[in-house]
Structures are given as structure tokens and as C-alpha cells.
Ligand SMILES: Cc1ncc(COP(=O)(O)O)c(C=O)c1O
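This document opens with one chain alone, in C-alpha cells, the form predicted alone.
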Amino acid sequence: MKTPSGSARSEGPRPLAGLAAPPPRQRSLKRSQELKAEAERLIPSCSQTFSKGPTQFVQGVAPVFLARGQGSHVWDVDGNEYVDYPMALGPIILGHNYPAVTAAVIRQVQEGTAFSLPHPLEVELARLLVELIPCAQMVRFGKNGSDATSGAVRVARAYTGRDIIACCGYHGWQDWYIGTTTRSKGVPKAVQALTVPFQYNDSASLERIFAQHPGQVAAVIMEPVGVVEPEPGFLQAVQQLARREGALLIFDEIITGFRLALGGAQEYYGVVPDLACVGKAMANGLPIAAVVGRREVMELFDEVFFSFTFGGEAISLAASLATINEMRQKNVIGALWAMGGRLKDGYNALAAELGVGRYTECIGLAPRTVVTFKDETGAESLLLKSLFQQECLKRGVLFSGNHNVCYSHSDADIQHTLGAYRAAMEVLAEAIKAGDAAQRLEGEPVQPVFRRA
């Protein structure tokens, strides 16, 4: 396993003596609530993304609309300021309005955004991705993660002449994958039957899929790591199974690409797939994604239809080049590991100190961690998550359950955040002891994106 330059491994909880717990701030959410009322008439779910919608926050306590961002902070439409950790669900890896990226975008806007022929930036960015990503020999661009994963699946089916897809993780909104989830309305049953999920860290569950569909599996697509690390040999076992059965291995690195290492999880773990999908952080918030991989497979895109009017849109290409070059010139990856490690260790130290470690924990690799909440039975508790989130929001921390740290997060941000976490955790501990978490909520609790079947 390769450790990124300058990275900091988590060393377990450290004491946080003297960490101040800030009091709640006075806030108005009047404009947010006005816009939400109008959005309910005009926009289903009030948002273009389920995970950004009002149901993912304590309604009545959380802002519904953000107006601007600078560095690691955002401001809602009522002018309230927050330290940002969702970071637009991961794309903001350098920081909001990061100077080098903003300058590149402005220059490109002045020269043009979309053209009738390809732009040279397509070649320049493709060259850079081939240089950085181990599996990349050729590149095709899209606009979001679902473009990339769906393009990879289609080209894998074309290359192998097979139909079945084995999947592990979340792979976007298109029919071929979302039919495996509880959000499958509108997906034909025949399409749903072509994708079969397997369990992470359980190569035997993948082997069963091959046994049940002999000679029919076109590809194994998986997130190489989520919040649980791969057990020793797991990724290698998946790679070997795919090769043995004549299926392609696709790493969905929409989240892990450019966050764990510049070459993604495949560089970090030393396991190279046939194809990979990258996106999110590659342009610091501009919409771009890519399918990269082996030449003999990628050449089939000459025949496979994967074509977008805005696939080569120049602003996002310029932003991506600026973002990746900035990451190469500065120790961005090392900073993400160090800052994320401090946040993770600090959270877990607080949970231990306040006696709630069995109910909540920060897990995952330092550049992207997730906070879990459990009830007395060990089941996921959205109620406890909601109460914790509510208290964080009152103290200027935008908390949705993830820490997507960015290069602009500062020592002061981490110190303030851990102070807010102390205050929120004190409330959590009191609520658990009294059994009155629901009564302490000042709005509707967080709802799951994927409902239980």
C-alpha cells in the first residue's frame, strides 16, 4: 500500500483538554424558508440532488439555500456563516473561489466556453490524466459521475459481448445501477435483472455471481474503498476473479480520485483496474468526469455511443487543469490526510471523553470520513444524527455526516469545529441519558435518501 507524500496516519484518539465549546449563535433563516416555500411549488424535492435537499438536514434549524463560498466557509441566503464539510458532496477539494482555479475559469470564459470543434484543452487534460492515473491509456470526458460509470459499463458490455454487471457501492442515477436500490421506480424489471450487487470485503459473494451467471458477466464495477478499508488481499482477489472469468474490472473512483492520492485509490492500494471513472474533485466544483483505461477497451468508444454537446466544454477543462496542477505543485494530498486525521482523532477523543463512543464514531480514511450514529441496539440512528447536526448548525458548522476536507480548511477551522462538536456531543450525551432526544429536536429529523426496503 502506497502512502501519499506528507500524509498523516490516524494514531487514535488524543486528549482535547481545554477545548472550548462555543455557545449557540443567533441566526435568522427567514429568506431560506421563503425560498423553500417557493421551491416546493416549482422543484420536486426542492433540490436537484437528493443529498442536498431539505430532508437531509433538520428542517427549521438548517439553512435550505447557500448563497456563496470562500475557502472553507459558506454563507446562506440569510448571511449566516458556516465551516463547510460536505464541500458540495466532495468536489471542492481546494476551497471555494480558489484563486488559481477562478483565474483559469475567467480566462477561459473570455476566450469561449463551447465550440463547434474539439478544444486543445481536451488533449492537454487527457495527457495529464494518462500521466497520473495508473490504468489510464486513453480518456473520454463526461459531465458527472453517472456519465462516467454508465459509459464504462456500456463499453465493457461492448468489449465482452456480455450483459450482466456485478456491482459494489454507489454508482449514480442511471437505470443500469439505480434499479438495484430502493429508488428503482421507473426502471424496467428486465434492466434491473442485469445488475447484481455483491458485498464489500467478501470475494465469495462475487464468486457466487460468476457461478450463477457463467460466461455472462461483462464487468465488475466497484468503489475500491468507501468508509471501510479493504481487508488484506480483497481488491487483489476481485481483480483475479474478474480476470479468471473474462470480465473487466472497473474502479468507480468518482469520490476517491484525486483525494487519497493523485492517481486515486488504485495508486494508493497498488491494484490497477481495466477501466476507472473519475470526477467530483478533479475540477474543484466545475462539472466534469472521465472514463479512463486500457487502450484496447477505450478504442471501442469509436463505436460505442458516448457523446455530449458539453462533453468538451472548455471552462471545466480549464478548471480541471488548474486544480490538478495546483495539487501537484503543493502538498494538497498530504494536507488532506493531516487535517482529516486531526478531525477524525479529535471527534473520537471527544466521544470517548464524554462517554458516547458506543453511539457515535468517526470512521474512514482521513481525506474523507463519515460520522456514524447508533442507538442502544446498534442500529443506525438518524434521530441522534439529527440532534447532533442541529447543535453543530447553531454553532456555525455545516454538518451532514461527512467530512470532505479541503486544502483551505485551517487549524482554526478544525479547532472551532471540535469545539462545536464538544458542545453538540454534550447535548447528545444528556439526551441519551434522559432518553429524550426526540423532544430536544427543534425541527423535522433527517430522512434517509435510500429508504429501507
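Heads up: residue numbers just count along the shown sequence, starting at 1. On a predicted model such as this, the values are computed, not experimentally measured, just so you know.
FYI, the form predicted together with the ligand isn't displayed, but the following is about it.
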**Message:** So the ligand isn't shown here. In the predicted complex, which residue out of 345, 274, 223, 76 has a non-hydrogen atom within 4.5 Å of it?
**Reply:** 223
**Prompt:** the ligand isn't shown here, but in the predicted complex which of 254, 156, 283, 136 has a heavy atom within 4.5 Å of it?
**Reply:** 254
**Message:** Looking at heavy atoms inside 4.5 Å, which stretch does the ligand contact in the predicted complex, given the options 113-121, 139-147, 375-383, 212-220?
**Reply:** 139-147
**Prompt:** Going by a heavy atom distance of 4.5 Å, is residue 171 a contact of the ligand in the predicted complex?
**Reply:** yes
